[in-house]
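Next up is one chain by itself, shown in structure tokens, the form predicted on its own.
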Amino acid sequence: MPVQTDRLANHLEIRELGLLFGGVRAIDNASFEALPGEVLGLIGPNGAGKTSVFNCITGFYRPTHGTIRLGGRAIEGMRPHGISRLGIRRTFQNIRLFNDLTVLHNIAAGAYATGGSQAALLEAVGQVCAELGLDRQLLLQPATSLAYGLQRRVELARALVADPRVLLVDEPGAGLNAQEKGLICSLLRDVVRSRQIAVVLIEHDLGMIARACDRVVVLDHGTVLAQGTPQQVRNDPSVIAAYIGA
């Protein structure tokens, strides 16, 4: 399976990021970094700005101010396809597989426009399937005919097939049972160890955050409320107040 050798190239840095929608401050001077070889949790109440941060990183939103750097290179304001080609890939809270395509073609779509031969692409698909425990016998089946938990893994495979430097994962536990959530946590940990990439995970299930993440950033009304290990964040009075009220 692919192994990234230049760890600094996989370093994502957010500094003083701001985003305004009219008079609404969706992100308010947020600063944090995602390090190669770690899973960083991004948590907070609904409306805290988590998905807006992902949309700024991937170029779907243009930040009002602040910097986003990948491997030391400023990428804020770039178009989404340019950011994707630099090596930032994402999944979505609502699964977005192509209904009329097979598992193989859904995964291969993640390597669109990266170049390379068909043989190399098929090899990459096989590698990522092995990495995520997807049986090759599933490859020719319609992707949306699979069980929901398998569809989640297909979406992860599509994001990983082009060997990204940073992977943004948006609520992969949504709709999964406890066993499937545990598997996703284990797979993310394995991916980080083997590839030495940075993974940023948005998730409301704090049990998944505790199992999967090395560090956690807490957002509230677009502001970074706390940062630390899952244990530190869970015991932070300001975090408790933001989630359940003082």
Partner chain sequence: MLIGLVLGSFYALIAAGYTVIYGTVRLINFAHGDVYMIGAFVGALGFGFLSPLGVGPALVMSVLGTLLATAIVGFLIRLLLARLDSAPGSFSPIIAAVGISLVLENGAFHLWGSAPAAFPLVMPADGRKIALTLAAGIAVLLATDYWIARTKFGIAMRAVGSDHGATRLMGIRVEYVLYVTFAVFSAIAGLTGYLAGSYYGSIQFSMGFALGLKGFTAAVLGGMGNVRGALVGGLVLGFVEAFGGGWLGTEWTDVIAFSFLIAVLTLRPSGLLGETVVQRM
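Positions refer to the first chain, counted from 1. If you're wondering where the values come from, they're calculated on a predicted model, not measured in any experiment.
From this point on, the text means the form predicted in complex with its partner chain, which you will not see here.
- Contact annotation for Arg165: none of its heavy atoms lies within 4.5 Å of its partner chain in the model of the complex.
- At the 4.5 Å threshold, heavy atoms of Gln118 reach its partner chain in the model of the complex.
- Proximity of Pro80 to its partner chain in the model of the complex falls within the 4.5 Å heavy atom cutoff.
- Although the partner is absent from this view, Ala174 stays clear of its partner chain in the model of the complex, with no non-hydrogen atom inside 4.5 angstroms.
- A heavy atom within 4.5 Å of its partner chain in the model of the complex is found for exactly one of Leu150, Leu101, Leu138, Ile75: Leu101.
- Of the candidate stretches 35-43, 22-30, 175-183, 55-63, only 55-63 has residues with heavy atoms within 4.5 Å of its partner chain in the model of the complex.
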